[in-house]
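Presented as structure tokens, the chain that follows is alone, the form predicted alone.
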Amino acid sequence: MMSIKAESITLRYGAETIVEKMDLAVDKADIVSIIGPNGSGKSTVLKALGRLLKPAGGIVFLDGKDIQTEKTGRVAQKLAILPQTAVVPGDMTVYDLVCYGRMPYQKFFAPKSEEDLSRIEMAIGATGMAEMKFRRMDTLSGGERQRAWLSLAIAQNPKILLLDEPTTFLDIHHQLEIMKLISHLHRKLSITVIMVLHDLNHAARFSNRIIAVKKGAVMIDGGIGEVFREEILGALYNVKTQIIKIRQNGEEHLYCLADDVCEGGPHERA
């Protein structure tokens, strides 16, 4: 099992401090969701874990080594990150996109190896994109494009997968499709998934652990039952909530209903 750990990290954009001296560690092959209000630092933390943002202080350790001192190719063999707004030329095919997932394993100008070709086909098949692999990206629906990006990430053969709002802009059908696919890939490939989510009920249903972040600090970090409590979510989002239990496909899940906004409380910036 590969671990990732943030030790006393401070994250800034210019002169503005977003996160200050945060500690966070994931050392089990779980699905971990990071939740919190807009502007709380969720995506910023994910960028630091994925080496897209260098901490102003503290260290992110990947498999016990400072991620900033590791070679880019080595990091990409261990960790894949899908940002919220991934962009690709519209005329690129799904297959061509997924091929980029093998770049960390290839030498310059070298042809794809048998292992590369096998891994590409496996990744495309694992995400249900086999029949669309020669389709152009600009002909795909939002859900299909997200599956294509997941194929790219899986082709890297990572031990850790970081996802920033993987269901953004998707309708409810495609949201559930993507969340169930992420859960399936986690179980089948034994990979750690760390994702930023706005949908609390997706987080409760599909995660093993939730990290609640507010104003650049970890408010609570624990199992679903520890975090999914009315007083916790109420204080996190400044809303009145009800937590109920529902059964879905024979399994019991906690479900959050937001009743009302708490008047006069602090508001996060957008």
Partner chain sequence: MSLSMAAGKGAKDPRLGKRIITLSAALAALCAFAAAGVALGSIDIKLSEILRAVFDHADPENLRENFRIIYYIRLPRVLTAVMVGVNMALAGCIMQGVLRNPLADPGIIGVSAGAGMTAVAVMVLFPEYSLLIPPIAFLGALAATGIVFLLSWENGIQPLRMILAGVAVSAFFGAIMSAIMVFNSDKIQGTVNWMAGGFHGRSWEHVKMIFPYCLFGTVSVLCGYRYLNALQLGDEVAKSIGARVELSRFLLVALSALLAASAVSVAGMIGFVGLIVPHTMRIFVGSDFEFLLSCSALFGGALVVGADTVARTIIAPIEIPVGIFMALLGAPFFLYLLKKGMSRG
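Numbering follows the first chain given and starts at 1. As the structure is a prediction and not an experimental result, all values here were calculated from the model.
Keep in mind the form predicted in complex with its partner chain is missing from the figure; the text below concerns it.
- Under a 4.5 angstroms non-hydrogen atom cutoff, its partner chain in the predicted bound form has residue 107 among its neighbouring residues.
- At a distance threshold of 4.5 angstroms between non-hydrogen atoms, residue 151 is out of contact with its partner chain in the predicted bound form.
- Contact annotation: residue 83 falls within 4.5 Å of its partner chain in the predicted bound form, judged by heavy atom distances.
- Using a 4.5 Å cutoff between non-hydrogen atoms, residue 172 does not count as a contact of its partner chain in the predicted bound form.
- Proximity of 52, 93 and 112 to its partner chain in the predicted bound form is complete: all three residues have a non-hydrogen atom within 4.5 angstroms.
- Of the listed positions (129, 189, 178, 76), a single one reaches within 4.5 angstroms of its partner chain by any non-hydrogen atom in the predicted bound form, namely 76.
- Considering its partner chain in the predicted bound form, the lone stretch of 140 to 148, 178 to 186, 192 to 200, 83 to 91 in range is 83 to 91 [heavy atom distance within 4.5 Å].
- Contact annotation for 117 to 143: residues with any non-hydrogen atom within 4.5 angstroms of its partner chain in the predicted bound form are 117, 121, 133, 134, 136, listed in sequence order.
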